[in-house]
Structures are given as C-alpha cells and as structure tokens.
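Taking the form predicted on its own, here's one chain by itself in structure tokens.
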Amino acid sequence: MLADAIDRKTSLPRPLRVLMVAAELAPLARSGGLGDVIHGLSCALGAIGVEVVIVTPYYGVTSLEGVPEPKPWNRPLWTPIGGDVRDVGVLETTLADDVRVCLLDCPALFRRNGIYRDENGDFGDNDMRFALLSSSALRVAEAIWEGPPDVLHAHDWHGALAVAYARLSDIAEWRNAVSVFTVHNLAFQGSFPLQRAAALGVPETALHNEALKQDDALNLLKGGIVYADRVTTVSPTYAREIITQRLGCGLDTALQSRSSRLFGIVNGIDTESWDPARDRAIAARYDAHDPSGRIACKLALEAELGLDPGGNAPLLGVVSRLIPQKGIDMLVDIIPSLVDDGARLAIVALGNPELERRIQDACSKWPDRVAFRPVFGDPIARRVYAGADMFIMPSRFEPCGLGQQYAMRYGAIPVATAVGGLADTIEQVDEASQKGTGFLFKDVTPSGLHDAISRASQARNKPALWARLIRNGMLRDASWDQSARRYFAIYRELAGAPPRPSLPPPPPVGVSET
C-alpha cells in the first residue's frame, strides 16, 4: 500500500510539504545542539522552496525574542492520547524563509521551568508530554493541509511517536504517509515502563521486540527507527558506529536490520549568525582573509577571565556539557601537565558537580592559568571560539558536534577524538601540504589527548603553517546548504516530488560513495 501511495505522488503541482516534529527549536527553546539543528535545517529547506512547518512545545522557558509575535489559533486542537483527549492551544510564528512554527500550548504539561527537567531532575511525565507533542503534530498537519504532509520528519525520541502514531493509525492516509526519523543522539532513547503504553495510545500489537519493546520496556526512540521509511543520523561515521555493539546502545540489532535505509548526513551551522566578521559579542571583527582581529579577541578573553596573557602561551578553549560523553574528565586529568607546558585554559561548561569541583580546584591552584565559567552557551561561548588558539573536544562519542564547527568558523584549531561527526568535519592536518583543519586522535585516553595537544602546540610554533590552518578552517563550507539538499533528495525520493537542482542522496550505511 505504501508503494502505491508514493506512486500516486509522482508530480506535485506545489512546494513539497514537510512537517518537522521536535522538542527544541533555537532560538525559542534549546538545551543543546538539537534546537540549532532544527532551526538551521528548516530554514535551509525553506530557502530551496520546501514548505516547512515546525511543531514544538511552548515551554515555560520558551523565549519569543527575535521572532514575530505569535498569533493564537482561533480554536484549540483536540488531541487524542490513549483513552483521553487533550485541549491544546496553538500559537503560530515564523522563522526566516517563511518557515512556520506552531507552538503547542498545554500549560499543565509544558509550562514548566525547563524543557526536560528542573532542579529536581527529569519530569516524571516526560512520556506523556512528548506523546502529546507527537499526537498534536499530526493534528496540526490536518488543520493546515487537511491531511498528512508529503513527508513527516520527526527528531529524537521526543518526536518518535509521531512516526509510530501515523503508521499505526486507523486512517489510511496516515498509515500511508511517508516519514523520516532522525537520531541525534542514540544514548537518549525515551525508555519507560511497558505499563505506560495504554495511557500513551500505543496499541498492544506494537509491544514486541520488532516494534516499541526493548529490554522489557517501552522504547520510544525504537518506534521511530522501526516505523520510519528512512532513518537518518547526523554524520556518516556515526551512522556506521551505531550499528556496532559498542556504540549501538542496545539498538544495534534493530539498526543493522534497517541499514539499507539508514543514512548519515552531517549537520551544518548557521553561518550568518556564527560569523566573526559581524559578531558583536566579540572584541574585534575579522574574516579568513584578515584574521588579525583574533589577537584582540584573545587578549580580551584573557582579561575577562583573569588569565595571565603569558606572552606566546597557547590558550585552550572548551565549551561543553560536563557529561561522560564529552570526555572533559580526561582534560581535567592533564591540567597539571598542560600548565607545566605553559598553556592557559578557558573552560565554559556545566553539568557534573564532581567535575565542576575538580575544575574549580584547578582554578584555585592556578588562578592565572585556568579559568572556569559554569554556564551554558552564548555569549561567552562566542568569545571562547574567537579568542582560543585551540578548541578541545575529547568526546568519547559524538554524533556530529557543533562546537568544532563553530571553532573552525572563528579560527580556533580543534583538537578532537576521531569519532562520529568529529572525524567527518575535521580534516587531519598534514604539515607537508599545509592541508587540514585540526588534530584528531584515536587513543581516547588522557595521554592520547595530551599527545594531540602537544602536536598542535608544535604546529603553532610554525607561524606560516598555523596561519594556513586558521584560514583552512575559516574557509570550510559549514553551511546548511549541502546537507539540506541531501535531505531534500531523500524527501523527493520518498514523496515523488518534481526534480530540483540538488545533490544526490548520501549512500546508505555500508555503501561507499562514488
């Protein structure tokens, strides 16, 4: 039936319609890279003529600064969840390129001081909260388009039930709707007791190991994987990594069985917002052709953080979350050695209290060498990218990573593990040819990290080489354009939209690109 439905859509006399379902959207509400990706991808798709509607919750922490004032819909959505029906308001605004944003207003579930958690931990009803997001998204499509979109594109476990609800629907149009599901981080799966299935409207027929059941629990992420027509993740290397037992987080078997429809597409960044030639948050503006403004940015950052300029001493920058994935504990282990080597460290990070304490101890011991700001994101992050000589990113795994792309855009040379999107976005430096944009290492240990930083420091002692590496990184195409066109190629293949100039879709996992 699905093939017949696709065949009927061989020629669309209008723009392709895509419904985005996501828990985060920058600049309105974000806790990490997911919100940036939804914004960047949607606007890039809008720029090439796709009609995009984003559905996301209206949280208590949602900021409406920088977007047109939202207009409430005349009537609410009546959204079925299990045996219940929820009254959900909709506030609509827009992003660039006519991308529509529908904010779901359900105060009892969304108007809280956090997206997923508050100071007391994760919200205990997150399963219901994001089930409502998924079910309401389908109702939004019906209200706008009087039926399913051409492509339903859901993101991470928070939006995964939208794909499952569509495929398990009593309505043939929704059962036949084509869908794409993107895994941004396989480690977060939305696992809940099986007993919650009925309340979430998940039928008993879907509670088996080939559907939403995993390790005797209800696994929402798995629902997106098994029911979507195409599964994407945010870099080709990560797509290959997650079908292995080591990094498959228990879902490697499910992903292996679908490897022919699993694709890796590297995330882009918003190159207009992240542009050192126009960024007012940094001390001086500069570009790849004249990056001399980085000198003023480094001096200003050192002064802001109370660091000793130290002559020609390298300044190492970190912008991260303090969680095991990010590997910042390995950096903390080698702070004494780095200080002995003459380095300064500017660490902007938030997370694990014990790791925060260890970093604070280092600041107390070397106050003019190590600086720490336990905050998240802008504007200080921009000043770190602009002022640091090297950007340190020792992730144990990294689906894509945005920090290394921001760093290269601003002229900081990344030192990173050769995993996931880091391996796909950072080109290893070759001193002989002066090619490359950063220093990758495979020995994911404190000593492996120290060796990579030492290699970068040695390169920095060669001014002509270092200047070329800065230029290489700043000139790298980090925009969303190519990635958006790859997504569009997948949409077009599924929905049968008319041809447009675009790159071919990336090959599935295990197939080499020619």
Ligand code: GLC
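From 1 onward, residues are counted along the sequence shown. Here the structure is a predicted model, which is why all the values come from computation and not from measurement.
The same protein also has a form predicted in complex with the ligand, omitted here; what follows describes it.
Peer 1: Sort through Q325, N312, Q245, N113 and report the residue having a heavy atom within 4.5 Å of the ligand in the model of the complex.
Peer 2: It is Q325.
Peer 1: Tell me, which of T79, Q189, T417, N267 has a heavy atom within 4.5 angstroms of the ligand in the model of the complex?
Peer 2: Flagged contact: N267.
Peer 1: Given the stretches 466-474, 34-42, 59-67, 444-452, which is the single one in contact with the ligand in the model of the complex, using a heavy atom cutoff of 4.5 Å?
Peer 2: That would be 34-42.
Peer 1: State yes or no: in the model of the complex, is some non-hydrogen atom of R278 no more than 4.5 angstroms from a non-hydrogen atom of the ligand?
Peer 2: Outside the cut-off, so no.
Peer 1: Does the ligand get within 4.5 angstroms of any non-hydrogen atom of T437 in the model of the complex?
Peer 2: The answer is no: T437 has no heavy atom within 4.5 Å of the ligand.
Peer 1: Might I347 be said to contact the ligand in the model of the complex, defining contact as any heavy atom within 4.5 Å?
Peer 2: Contact check for I347: no, nothing within 4.5 Å of the ligand in the model of the complex.
Peer 1: Tell me, yes or no, whether S179 is in contact with the ligand in the model of the complex, where a contact means a heavy atom of each within 4.5 Å.
Peer 2: Residue-level check for S179: no, no contact with the ligand.
Peer 1: So which residues in 384-410, when you check the ligand in the model of the complex, have a heavy atom no farther than 4.5 Å from it?
Peer 2: The stretch touches the partner through E398, P399, C400, G401, L402.
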